[in-house]
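The data below hold one chain only, encoded as structure tokens and taken in the form predicted alone.
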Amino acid sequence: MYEEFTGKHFITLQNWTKDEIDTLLSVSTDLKNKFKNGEIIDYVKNQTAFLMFFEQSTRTRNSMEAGITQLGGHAHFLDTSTMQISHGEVAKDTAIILSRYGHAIACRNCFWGIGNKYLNDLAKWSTAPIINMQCDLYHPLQAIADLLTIKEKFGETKRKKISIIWTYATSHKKPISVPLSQALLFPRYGMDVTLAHPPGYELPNWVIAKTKENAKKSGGTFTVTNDQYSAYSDADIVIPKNWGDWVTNPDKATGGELLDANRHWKCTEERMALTKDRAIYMHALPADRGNEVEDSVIDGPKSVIYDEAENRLHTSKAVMALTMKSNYTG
């Protein structure tokens, strides 16, 4: 029934049709229900997934490790600083060998201008599915979990106003992959998407063009604004989150005059009061509390961050159950 998914790479949801994404959501819900009911499943029994991390992770690593264990398989956590990659081994050699050793390769590489190219190099040579655990351009595991959460909270997604809003943060220069993936995905489900950010924090032009195309096809809308208040106003869903100015400034440094000048881009109770009564606040986490968002918001009644984070487990399981050599039948 799901044979067509076996071996399919999961690097960007742009390469998955809407019907395929709907299947992914359906499988996620099924696996979530099975988990809640305490059912023991072995859809990828005795299979191995290699999890390659070029940087730190909490939700992604643990949702993937726990997920494959719950599917009956096993994960190998690979810190790439301890692999021969650190001595210059190329993606081709890593992909060929690891795909002969196991059944999936998942990778997180967020280095600007490098990460997505590296994932695609792995995919070119791997005989096993490549799963993107976040690169410099895409974070499909986060985007699909966000979409599942929205559908759980609202059911119908068409004409829901969802605002992806830049916020101030100092923890590190964060990738653009989360807002980029959300901007590309949400219009495909008929949502009215607003992307709000200060000047200097633009997403790539090709993303804006593709997002407008996705909105036109689905009956949704896409708006870009430098006014955070208009983004909060009458929104059903707000996702206030920081991302770096990679498009206009590839320097790795976090700070600078541009960042400091936009301290006022913060999710506050005052701004949340502009949203609809049943609106929800979402964040991929970790949040830079006190800078990106007030504690009273992220811990408040409109916040669904923990439901959102929990769904990372079940959507990750669905990706593996579909793309690996699985006996999943629904």
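These figures come from a predicted structure and were not determined experimentally. Note that residue numbering begins at 1 and tracks the sequence as displayed.
In what follows, reference is made to the form predicted in complex with phosphoric acid mono(formamide)ester (CP), a form of this protein that is not presented.
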Practice problem: Look at the candidate spot formed by Arg59, His139 and Ala284 and say whether phosphoric acid mono(formamide)ester (CP) comes within 4.5 Å of a heavy atom in all three of them in the model of the complex. | Solution: yes
Quiz item: What stretch, of 284-292, 260-268, 39-47, 26-34, brings heavy atoms to within 4.5 Å of phosphoric acid mono(formamide)ester (CP) in the model of the complex?
Solution: 284-292
Self-check item: Proximity of His314 to phosphoric acid mono(formamide)ester (CP) in the model of the complex, heavy atoms at 4.5 Å
Solution: no
Quiz item: Does at least one non-hydrogen atom of His103 fall within 4.5 angstroms of phosphoric acid mono(formamide)ester (CP) in the model of the complex?
Solution: no
Quiz item: Is His197 close to phosphoric acid mono(formamide)ester (CP) in the model of the complex, meaning a heavy atom pair under 4.5 Å apart or at it?
Solution: no
